[in-house]
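Next up: just one chain, as structure tokens, the form predicted on its own.
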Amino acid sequence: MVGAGPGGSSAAIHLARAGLDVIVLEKADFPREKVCGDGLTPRAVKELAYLGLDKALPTAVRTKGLRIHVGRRDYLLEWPTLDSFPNVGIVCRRSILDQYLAEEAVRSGAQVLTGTSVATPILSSRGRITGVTCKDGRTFSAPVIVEASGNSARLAVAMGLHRMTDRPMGVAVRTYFRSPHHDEEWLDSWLELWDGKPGRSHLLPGYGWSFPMGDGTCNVGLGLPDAYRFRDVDYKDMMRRWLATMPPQWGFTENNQTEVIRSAALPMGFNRKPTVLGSLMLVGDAAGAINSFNGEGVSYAMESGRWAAEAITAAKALGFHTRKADQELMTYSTRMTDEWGSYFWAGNLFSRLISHPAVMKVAAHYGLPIPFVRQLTHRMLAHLWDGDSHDVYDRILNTLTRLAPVA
């Protein structure tokens, strides 16, 4: 296992609990920061529940849903009540979440080696990956290597799996502010970003957010949906210009800022394929498994980590490196496409559309005031509906994803 983020640790926990020997190689030492909104939707809470950790996570704030700001109007959208997902979200710092999951992997029986940076793959005479060499010279071998190292995906690149530039690459920019809104029960999102007086200046691409940390601060950030269109943009300056337009009651001022502004790339919509290459499996961000609608990655990392673990466990029972075992590993790739392919295709289209600020403005002002459209959009963007079509929203979203091509 390369990488001890949510995807790598999720896979490690499931594998270790199934009785497999697991070594996780993590280049950083915990606790470590990750540029992220820190907000977990019910999809991620469901994955924590699979691990029995949804109520055990320390210092987590529970959320009811999303509060959307459009001009002078606010809309409260509760997490839907569904059979497939809980109706609660969580906000937790990634430095806490990632360390907790890595520690749970150890408690489950995995070995986690921090400060261990992987350099290159070890290949057999047939070009199949059989292990890795680290920067300190150590080598590790395994019948299956899971790459969960995030956007860099060093092993995948070394094996010739490069990013697909026809898929969107988002950008997240965030910092923390002391704010009186730190203990609220809603995730806040702004769909109009101005670089000056609202309505009298320029609209910026993307969306803004503020997530309550419960410790006196809010995680405040800016999401840019398609970095390829704005590769020459100074993202941090863009965020400062937006923050300067915020009402003073939010407290997003320089005096209240507690950390520097950081940014990171978001590989979205399956921008690296295939997800299985011989004995190499790609999980989470390494596979580009980030939701192009909203930039969420933690839930997809954990979910893909669980699926990878299930395929590996089944392959072990068949005998690694046999034809049947290799076919079993490939079921992971098929499952990724079957479960998310159409949704990610639609998200990729959506991200290109909203990279035009005028499109976002029209959709927000004329679509969201309609309650039905608002609820449908909320479920679509959050990827939350039941596959059994219990209501009209389920039926519409299931039909749309069945008709859409796959990413």
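From 1 onward, residues are counted along the sequence shown. Given the structure is predicted, the values throughout are model-derived calculations rather than measurements.
The form predicted together with a small molecule is left out here; the points below concern that form.
Only one of 298 to 306, 238 to 246, 156 to 164, 72 to 80 places residue heavy atoms within 4.5 angstroms of the small molecule in the model of the complex, namely 298 to 306.
The candidate spot formed by Leu224, Ser355 and Lys361 lies out of contact with the small molecule in the model of the complex, as no residue has a heavy atom within 4.5 Å of it.
Shown without its partner, this chain lists Phe85, Phe252, Phe270, Trp209 as candidates; in the model of the complex, only Trp209 has a non-hydrogen atom within 4.5 angstroms of the small molecule.
The listed set Thr331, Thr313, Ser108, Thr116 contains one residue whose heavy atoms approach the small molecule in the model of the complex to within 4.5 Å, identified as Thr116. Although the partner is absent here, Pro42 sits far enough away that none of its heavy atoms falls within 4.5 Å of the small molecule in the model of the complex. Not displayed here, the small molecule is approached by Ser152 to within 4.5 Å at the level of heavy atoms in the model of the complex. Using a 4.5 Å cutoff between non-hydrogen atoms, Cys36 counts as a contact of the small molecule in the model of the complex. Though the partner is left out of this view, Glu47 does not reach within 4.5 Å of the small molecule in the model of the complex, counting heavy atoms only.
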